[in-house]
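The chain below stands alone, shown as structure tokens; this is the form predicted alone.
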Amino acid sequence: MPQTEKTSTLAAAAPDTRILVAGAGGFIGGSLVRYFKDKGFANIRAVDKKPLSDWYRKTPGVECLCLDLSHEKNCRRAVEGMDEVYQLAADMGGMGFIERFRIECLRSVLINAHMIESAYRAGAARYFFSSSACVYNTDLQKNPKITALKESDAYPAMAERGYGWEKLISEMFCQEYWAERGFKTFIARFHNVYGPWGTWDGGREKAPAALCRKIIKAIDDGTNEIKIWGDGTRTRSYQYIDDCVTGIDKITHCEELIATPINLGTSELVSVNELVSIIEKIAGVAVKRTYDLTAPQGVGGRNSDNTFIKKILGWEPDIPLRAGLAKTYAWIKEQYERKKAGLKTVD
């Protein structure tokens, strides 16, 4: 029997709700701006520190500001007059980035501290914080045959160094602003978001995009060979971007979830080798696989326990990996061909 959804969304709010998306020049932030615009909301402010020309996705009719939100004065400017604040600004990337640049990841605490204080002082009604499954205790994630992680598994704390600890302490900011000041905050722990309009080249990309690119390149250069980081046995669940932005909306407008961290991801667990096999079928090829055991690999396994989100929202991310990857592969292939032809791409 299908679940009965029990939450409202922003679409049920006043049509003139003023929305700020911080980190809007990135993959998820840019997609969230598009999501709200498509819902009919006109008062949207998008903020990112990158030059506008480098934003992954730009939505017409949206106010765009280029501000470095690690500085408090810029946060005050960003939230001015906003009703709802969606804080997705962070220095991050795939495993290759977060293992090599822990200080850059940790420094995102500055953004989170300044943004929540500025939003509170500006009188915003709701504040969403994008956390991560990297907050979970790494001792529980050593085995690829992982037991799905439930929200309480973040404690006792043993988060991933750098990025995971930055997210965990920022969750605490959200909880304390509600407990001490009555500021409505909402926290989603993202599990490996992928899809079109995301990073696919350059070092910050995550596994689905990186493997799509590698297979596209292997076909193009005729080698039919790719290099996989690790031995291919590590496991993850991967969430398509459309489910992610829908989930952000639902979570931020559920009163039962105020200051309550919740998983936002699928429970469809696959190994890296299985992920490659799915992409091979989409591409219609079989590639030779070599393995780099010295490359960053992350924890042995990580999966989302969706018991809580199904109980509270009557919903969970459910776009099948095969369907989402097919769209992602087609988009990355188009970007690859554009780059090869010397045209501007999203990367």
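Worth saying up front: this structure is predicted, and the values here are computed from it rather than measured. We number the residues from 1 along the sequence you see.
Here the subject shifts to the form predicted together with a small molecule, a form of this protein not shown in this document.
The contact with the small molecule in the model of the complex, taken as any heavy atom within 4.5 Å, belongs to 90 out of 90, 135, 209, 251. Taking a 4.5 Å heavy atom cutoff to the small molecule in the model of the complex, the contact residue among 186, 163, 200, 240 is 163. Although the partner is absent here, residue 28 sits close enough that one of its heavy atoms falls within 4.5 Å of the small molecule in the model of the complex. Shown alone here, residue 309 lies farther than 4.5 Å from the small molecule in the model of the complex, counting heavy atoms only. At the 4.5 Å threshold, heavy atoms of residue 192 reach the small molecule in the model of the complex. Looking at residue 70, you'd find a heavy atom of it within 4.5 angstroms of the small molecule in the model of the complex. In summary, the region of this chain contacting the small molecule in the model of the complex, judged by heavy atoms within 4.5 Å and restricted to 45-53, 277-285, 309-317, 290-298, corresponds to 45-53.
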